[in-house]
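Presented below, as structure tokens, is a lone chain in the form predicted alone.
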């Protein structure tokens, strides 16, 4: 089963927009047994779109297209698709009425060019998109399925999840596929590969192991393919047992959930609360935590103590500590932790200070140096990290390793409980 992902838009080609759609789509279709044959980015040009379709239709099973479905003049995908399928655009009054009502509800003027958003080829299956104005389209030709979706990421994800994937699963016969996940934190990909090398060497041909690394977190995915799902489950059980024995506490979950969600589960299990004091990360840890629905049950808030004066006034870091050890120091991180625990009255806290770069003031630690303190009123610890020379990378790593350090601490509390 082969699929091609086509991203349409000049903004992708000139670097204005990062093509996150293609990477996300890949993560959704590969686990169900669809191989990515090619990923293509093309311009808002009718001839280019037609040539690309001619190249792939009948040569692959599935073509997934994103972009070019909006109401502006450069959105030509729909009209070009009509040309390719020798079809005509048909007006759908029910879609028009729904769009107009949505605009009126939001007090947005409904201009006549939005009428085009109710026009669709007469030979397509319309895929309902409640998250935006452009509906998706489904075609079939020469044993190839073509699904067209908007380029707006959250709209595309909604259509893929609720419309396209269910139709693909119904349309094609797939082999039995079983995936098992192990989420690890604080362990590098290379270290994991070294630890798991003996196990990988004896994996049967129908089972593969994928490493999917991000800062501080590596997702491991075991995939078994065959004809008998029950047998695949049995085959994977023996392997997953061995992986647990090898990786031990490095594993934080056996389902693909982010580290911040796992920490939320830990805090709820302890009936505990959390707050953060953030300097280098500027509130990014709090942002990650609050992306999880229901996080208000355990997360109280953050103090973004970016400037020295905020550290002194709100977190009560002493002037002596800041003068003697500098704001980027173990001592400052520990006093920030004390300050956030006191200010927020929480059970646990995270405090982060560091030098993101690209330069220093001559007194601070080298670029990429980060101090992370985690703890409670009775148990506190601080760790020094060296990350990178890149500012954005340092901030992301500081966020994720602070969550990792907290995970380790909370795990210890849960064992004691």
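Only the largest set of C-alpha atoms that superpose within 1.5 Å between the two forms is called the rigid core. In this text, all values refer to a predicted model and were calculated from it rather than measured experimentally. Numbering follows the first chain given and starts at 1.
The protein also exists as the form predicted in complex with another copy of the chain; that form is not presented, and the subsequent description refers to it.
- The closest heavy atom approach of residue 391 to another copy of the chain in the predicted complex falls within 4.5 Å.
- Taking non-hydrogen atoms only, residue 299 approaches another copy of the chain to within 4.5 angstroms in the predicted complex.
- Interface membership of residue 303, defined by any non-hydrogen atom within 4.5 Å of another copy of the chain in the predicted complex, is confirmed.
- In the predicted complex, another copy of the chain lies within 4.5 Å of some heavy atom of residue 106.
- Remark: all three candidate residues (27, 281 and 287) come within 4.5 Å of another copy of the chain in the predicted complex, counting heavy atoms only.
- In summary, the region of this chain contacting another copy of the chain in the predicted complex, judged by heavy atoms within 4.5 Å and restricted to 375 to 383, 38 to 46, 347 to 355, 61 to 69, corresponds to 38 to 46.
- A single residue from the set 186, 226, 258, 213 has any heavy atom within 4.5 angstroms of another copy of the chain in the predicted complex; that residue is 213.
- A single residue from the set 177, 145, 314, 222 has any heavy atom within 4.5 angstroms of another copy of the chain in the predicted complex; that residue is 314.
- Residues are counted as partner-facing when one of their heavy atoms sits within 4.5 Å of another copy of the chain in the predicted complex; in 115 to 154 only 154 qualifies.
- Shown in the overlay between this form and the one not shown, fitted on the rigid core, is a CA shift at residue 102 of 2 Å or greater.
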